[in-house]
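In the form predicted on its own, a lone chain appears below as structure tokens.
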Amino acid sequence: MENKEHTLVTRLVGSLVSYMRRFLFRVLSVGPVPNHLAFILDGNRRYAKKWNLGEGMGHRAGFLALMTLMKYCYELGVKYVTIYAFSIDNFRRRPDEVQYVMDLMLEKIEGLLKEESIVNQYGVKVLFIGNLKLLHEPVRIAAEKAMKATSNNNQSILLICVAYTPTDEIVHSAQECCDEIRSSMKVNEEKDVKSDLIKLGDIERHMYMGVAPDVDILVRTSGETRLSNFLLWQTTDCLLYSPKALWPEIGLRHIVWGVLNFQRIYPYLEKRRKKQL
């Protein structure tokens, strides 16, 4: 009897909290809602150390925080969510740590495809961004499977940056532009391609992140304000928000505060963007 009452109270409280959150989001939507949020997931290892958790448990706690945050973003009406999951530089970490993250990534990619996952609940298209050839083969295959399985979803888009750095992205884009010009002009490989044939739009079109608009808010947890080689091209005119919370500690209040700050400086951001057109 007590268990049934406890379950009923839990459901009622959950429903009330959900209603209040949706009401809050409706109030926020009166102002401009960011179209693209990007996150640097900083603090997983420090969180595990802070709470004396086992090795790797910080990353698992961080994944749960990510699922909750994605839910908030999609309820608010954010179309694009980008996360910095694993950079090319991270491959320099201890081999056992890299292997653990790869194994965890494989597990969570497979979890995203489950029927009850947030991907299916919110019609999310999943895109993996970066030099995927550098990933361990099982992870790369799982990533390709996830992209194919969600390719028809169009309500929201989740971009997962793995084996990614913007310096690699820019070099990749420049190479693609040169290859495209050589192919279209049918020039000899030994002949130089004139630099003025490559336009800004061409560079942006061949970017890994060319599938999404520029970022509106870049969130880096742990109070850090460094970009750490992430989306250097796409964050020239965005709000940089650095809450002190470690990544697994981030919650609703941080998202609300970030959106409020975005709305406060929105006229300035729009003015800068229009000047660049």
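Sequential numbering from 1, following the sequence displayed. Since the model is a prediction, treat every value here as computed from it, not as a measurement.
If you look for the form predicted together with a small molecule, you will not find it shown, but the lines that follow are about it.
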With heavy atoms only and a cut-off of 4.5 Å, decide whether residue 34 touches the small molecule in the predicted complex.
-> no
Verify the contact flag for residue 28: yes if a non-hydrogen atom of it lies within 4.5 Å of a non-hydrogen atom of the small molecule in the predicted complex, no if not.
-> no
If you check in the predicted complex, is residue 216 within 4.5 Å of the small molecule, heavy atoms only?
-> no
Can you check whether residue 97 is within 4.5 Å of the small molecule in the predicted complex, heavy atom basis?
-> yes
In the predicted complex, which of 149-157, 176-184, 102-110, 202-210 comes within 4.5 Å of the small molecule (heavy atoms)?
-> 102-110
With the partner omitted here, the residue among 93, 71, 79, 145 that in the predicted complex has a heavy atom within 4.5 Å of the small molecule is 93
